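This document opens with one chain alone, in structure tokens, the form predicted alone.
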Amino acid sequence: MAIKNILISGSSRGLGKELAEYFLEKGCAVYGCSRSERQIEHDNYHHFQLDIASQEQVSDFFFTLRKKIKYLDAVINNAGIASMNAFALTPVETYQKIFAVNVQGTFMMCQKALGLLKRADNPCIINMTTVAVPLQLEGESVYAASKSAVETLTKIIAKEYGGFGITCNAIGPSPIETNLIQGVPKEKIAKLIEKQSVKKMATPADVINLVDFFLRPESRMITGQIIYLGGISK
């Protein structure tokens, strides 16, 4: 893989950290951002501490980024939060926080990155969704609704950005051992896995495989697609 500039949100832990480390090993320059401090020490890793739900912080981040680089090959919108509550018991504050990060954050990252993406040879946006959308999981109404909005954004961005040669797709991982599912009872995870065609937990490597596929120049005709791991479909 030639040296590429890749932006990954939520890169301080979990799947985002795994993605960042993978592309660093491939010789890419990775621009990571998260609310937490940097967790990766590498010459080609550049960390920015910010809240992607904040318009001011995201604007400042891209202002700084445009001074450092002339183009972005890929934006991976990995940052996201979840809260498992019965719909009737979900506070409005929880709804607002989840939509601010998952939807507004993804919206702003895709919008602000346009100028840098247009200058790349094979630009690509990859958003993260969840199998909670097609499975319509109880107790995850707000989280699933936020990711459903991300899927709609993905499909429309694919149409509007297609003229610039930018592809935009989304990946819906089945459960992975990350902080995102730490509070989910094991019985619920087991029931979810039973609904999959491939009845096992996913790994970061499974997601990385699909990210690699979307980033290949040969995938330039693939856009507006939502792919769920584990054999789940709407």
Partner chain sequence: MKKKEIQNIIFNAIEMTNNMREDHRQIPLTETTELYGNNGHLDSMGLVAFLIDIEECLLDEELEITLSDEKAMSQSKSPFRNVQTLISYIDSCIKDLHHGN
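Every value quoted in this text rests on a predicted model; they were computed, and no experiment measured them. Numbering follows the first chain given and starts at 1.
Another form exists, predicted together with its partner chain; not displayed. Remarks below refer to it.
S59 is the sole member of T203, Q39, S59, Q49 with a non-hydrogen atom lying within 4.5 angstroms of its partner chain in the predicted complex. Interface residue remark: F87 is not counted as part of the site for its partner chain in the predicted complex, having no heavy atom within 4.5 Å. Heavy atoms of Y95 never reach within 4.5 Å of its partner chain in the predicted complex, leaving it off the interface. Heavy atoms of K191 never reach within 4.5 Å of its partner chain in the predicted complex, leaving it off the interface. A residue is said to contact a partner when one of its heavy atoms sits within 4.5 Å of a partner heavy atom; R35 fails this definition for its partner chain in the predicted complex, lying far away. Heavy atoms within 4.5 Å of its partner chain in the predicted complex are found in exactly one of 75 to 83, 118 to 126, 139 to 147, 95 to 103, that being 118 to 126. For the partner-free chain shown, E160, Y161, F164 of 149 to 175 come within 4.5 angstroms of its partner chain in the predicted complex, judged by any non-hydrogen atom.
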